[in-house]
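This document starts with one chain, in the form predicted on its own, laid out as structure tokens.
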Amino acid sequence: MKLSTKKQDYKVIRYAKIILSDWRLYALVLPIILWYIVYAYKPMGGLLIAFKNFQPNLGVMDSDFVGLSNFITLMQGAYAEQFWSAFRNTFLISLYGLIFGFPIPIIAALLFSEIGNATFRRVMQTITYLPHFLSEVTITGLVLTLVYNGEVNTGVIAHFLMSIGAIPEGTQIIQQAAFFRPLYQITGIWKETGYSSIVYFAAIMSISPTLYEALKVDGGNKFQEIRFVTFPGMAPTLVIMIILRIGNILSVGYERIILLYNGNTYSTADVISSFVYRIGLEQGNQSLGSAADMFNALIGFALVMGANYISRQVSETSLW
């Protein structure tokens, strides 16, 4: 018993010495750990609301436990049609973002890497980064100004589309459910392309120039450079980013959705996050809202686990 205690004391002393020897590094990491504790792990206690008939005056712990009743009500009860419609819209919007939005930052990074003038390249990168730092309110305000204003289309884009016959005369784009998803995707691509290209541009810049020189000696052209040197060099980064994107395929933020949608576009615009906002906050049913959000998070967790497993089986790159 005394020997075991001595071993434990020795381990404590050894770990204490390690920490003290590198205390500056641990001091730098401490704010990050505290942030995760306060903003990531502490809120997990709120998941209990999904299994309770939450009453704000009683609090989480004293509210009645109802088991899976909220999930059953959500999927088969009065809110089932709204929930499954929001789930479908969330998946489709994210899928379209993956298909159309994911390749564009890669293309932008390739174009940036081909610009020989460093000053011109930095200027172009800065211009494309700028929309990322604008708030969603500002971005959606600009979009609404361009496509819609008041009772008639007065936006530049709306006039252009009508002038070339892409849309019928007098069509109110923002009021049509069929136009919501393309409008949402174009807005997202415009806002995030430049900023998202940073990681791909860094991956391209890390590729050894000798590989390109060797391909040129063998008579390779620019497209062959991209195919046989650039893309293989970017492969680990691309795989990691795809896994992360798949894991977030059901995580569509509510800010842009709420700012762009209206009663006429609910059928294609309402997603899980806006459903949770409407049910949980506007209607005061926090239990159902928490259950919907938890269901969404579990599906996302399963997707990222599956994507990581598949990546590990078919390649040498994975998150873990």
Partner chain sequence: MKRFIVLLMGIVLTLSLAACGGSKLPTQTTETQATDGANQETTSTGGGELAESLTINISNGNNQRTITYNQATPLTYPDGTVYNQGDLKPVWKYIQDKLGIELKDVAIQDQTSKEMMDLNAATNFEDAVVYGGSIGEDVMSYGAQGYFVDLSKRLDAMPNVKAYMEANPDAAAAATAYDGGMYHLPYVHPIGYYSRMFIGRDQWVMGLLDSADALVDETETLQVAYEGYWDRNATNVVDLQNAAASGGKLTREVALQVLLDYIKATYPDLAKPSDLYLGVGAKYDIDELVALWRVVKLSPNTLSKLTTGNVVDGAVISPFFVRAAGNREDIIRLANYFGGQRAFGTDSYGSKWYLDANGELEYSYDDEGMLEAYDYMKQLYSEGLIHSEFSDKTNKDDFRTSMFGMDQNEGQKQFGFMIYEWVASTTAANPTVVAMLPPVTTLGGSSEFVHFVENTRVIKAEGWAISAASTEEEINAALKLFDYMYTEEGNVVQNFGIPGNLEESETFEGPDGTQFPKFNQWFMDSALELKNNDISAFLRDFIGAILPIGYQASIGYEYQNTVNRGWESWDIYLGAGVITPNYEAEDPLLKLIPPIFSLTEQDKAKLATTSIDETTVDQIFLYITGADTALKSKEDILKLFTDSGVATYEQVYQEAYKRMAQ
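This structure is a prediction, so every number in the text was calculated from the model and none was measured. Note that the rigid core is defined as the largest set of C-alphas that superpose within 1.5 Å between two forms. Positions refer to the first chain, counted from 1.
Beyond what is shown, the protein has a form predicted together with its partner chain; the following relates to that form.
*Asks:* Using a 4.5 Å heavy atom cut-off, are T90, F223 and T237 all in contact with its partner chain in the model of the complex?
*Replies:* So, no: the whole triplet misses its partner chain.
*Asks:* From the candidate stretches 195-203, 131-139, 170-178, 239-247, select the single one in contact with its partner chain in the model of the complex, where contact means a heavy atom within 4.5 Å.
*Replies:* That would be stretch 170-178.
*Asks:* Mark Y148 yes when one of its heavy atoms lies within 4.5 Å of a heavy atom of its partner chain in the model of the complex, and no otherwise.
*Replies:* Although its partner chain is absent here, Y148 would touch it in the model of the complex, with heavy atoms inside 4.5 Å.
*Asks:* Even though its partner chain is not shown here, does L58 get within 4.5 Å of it in the model of the complex, heavy atoms only?
*Replies:* Yes.
*Asks:* Does any part of Y254 reach within 4.5 Å of its partner chain in the model of the complex? Heavy atoms only, please.
*Replies:* No, no contact at 4.5 Å.
*Asks:* Can any non-hydrogen atom of L298 be found within 4.5 angstroms of its partner chain in the model of the complex?
*Replies:* Judged by the heavy-atom cut-off of 4.5 Å, L298 is well away from its partner chain in the model of the complex.
*Asks:* Taking heavy atoms and a 4.5 Å limit, what residues of 82-96 are near its partner chain in the model of the complex?
*Replies:* Counting only heavy atoms within 4.5 Å of its partner chain in the model of the complex, the single contacting residue of 82-96 is Q82.
*Asks:* Once the core is superposed between this form and the one not shown, does I18 show a C-alpha displacement of at least 2 Å?
*Replies:* After core superposition, the displacement of the I18 C-alpha between this form and the one not shown reaches the 2 Å mark, so yes.
*Asks:* Aligned on the rigid core, do the two forms place the Cα of V29 2 Å or more apart, comparing between this form and the one not shown?
*Replies:* For V29, whose C-alpha is compared between this form and the one not shown after core superposition, the shift is 2 Å or more.
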